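This document opens with one chain alone, in structure tokens, the form predicted alone.
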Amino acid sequence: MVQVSYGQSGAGRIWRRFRNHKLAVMGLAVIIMLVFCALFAPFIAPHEPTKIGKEFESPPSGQYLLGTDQVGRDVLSRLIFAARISLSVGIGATAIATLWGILLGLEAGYFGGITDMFIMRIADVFMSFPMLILIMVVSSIVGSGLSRIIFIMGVLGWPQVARLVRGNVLSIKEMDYTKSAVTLGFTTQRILFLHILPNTISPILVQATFGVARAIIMESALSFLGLGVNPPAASWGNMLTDAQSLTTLTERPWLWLPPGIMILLSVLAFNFVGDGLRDALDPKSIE
């Protein structure tokens, strides 16, 4: 039986291909920086993110490098702590969606028939609604909050992964090594998780990186609309909520530019890494 194997030499080839994608390397550096800020936020942030000061809407200065918001909180400190929220939502929601998508996609593609039709019709129903609108409706019913947002986005985000996995399983199960495994009497679980899943993991990884970027955008949109992370917790989205007035947009750019730039950088970083992984994991790519 032939299986995809990423040994030491295979990993080296993948890294060389990925390294040739300059934007992907830059995106990976940005992601590492964000993870570092999220993990060590209490040690990096110059002030408490929820501490109310005496200087309201103060411009950037030596004491407050990115200024203060409407109630005197340090913008830089809130920006650093907000990285925890965005990465938690992005990675957590994507992990849940990917897990559900893998399980349902494997079942739909391998068993086919009524199982395939049932799972895919449910996926079609989910995908027929705009994702953001659907998340907003569910959030307004069950309530907002970090853990609820992660769970809702994860549960509603599985159809894309499931369809991707199903498509790969439909072709892989017709391969000789899969048919040989069936002939040898291997259990269904062993065939699915030891012979089929490893050979479809590459597109799943690429899909997951794009999924993190989408989750960060959706969390920011929900928080901006007041359906995401509840104040006083810092989120890039709810930091933008207070910058909706024309006066703030024109006269106090330190209130909306930093969170806007962080959303842009994080989304671009994950998208670039996804592009790099797609090229690096493509067996047809030429070094």
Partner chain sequence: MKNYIIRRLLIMIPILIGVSFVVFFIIHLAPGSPVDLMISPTMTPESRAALEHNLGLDAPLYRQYFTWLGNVIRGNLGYSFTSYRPVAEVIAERIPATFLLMGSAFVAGLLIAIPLGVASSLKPHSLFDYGATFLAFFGVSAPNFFLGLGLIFIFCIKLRWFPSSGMFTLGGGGGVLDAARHMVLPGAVLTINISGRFIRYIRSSMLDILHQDYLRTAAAKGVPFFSRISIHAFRNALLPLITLAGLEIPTLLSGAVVTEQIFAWPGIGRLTMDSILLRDYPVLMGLNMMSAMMVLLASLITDILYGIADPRIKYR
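In this text, all values refer to a predicted model and were calculated from it rather than measured experimentally. Residue numbers count along the first chain shown, from 1.
Form predicted together with its partner chain: not shown, discussed below.
Judged against its partner chain in the model of the complex with a 4.5 angstroms heavy atom cut-off, the residues Leu104, Thr115 and Val212 are out of contact without exception. At a distance threshold of 4.5 angstroms between non-hydrogen atoms, Trp256 is in contact with its partner chain in the model of the complex. Interface membership of Pro130, defined by any non-hydrogen atom within 4.5 Å of its partner chain in the model of the complex, is confirmed.
Residue contact with its partner chain in the model of the complex: Leu277 places no heavy atom within 4.5 Å of it. In the model of the complex, none of the heavy atoms of Gly53 sits within 4.5 Å of a heavy atom of its partner chain. With its partner chain left out of view, the stretch that reaches within 4.5 Å of it through heavy atoms in the model of the complex is, among 178 to 186, 77 to 85, 193 to 201, 140 to 148, 140 to 148. None of Leu66, Leu227, Ala38, Ala233 but one reaches within 4.5 angstroms of its partner chain in the model of the complex through a heavy atom, and that residue is Leu227. The partner is not shown here, but in the model of the complex the stretch 260 to 278 reaches within 4.5 angstroms of its partner chain through a heavy atom at Gly260, Ile261, Ile263, Leu264, Val267, Leu268, Asn271, Phe272, Asp275, Arg278.
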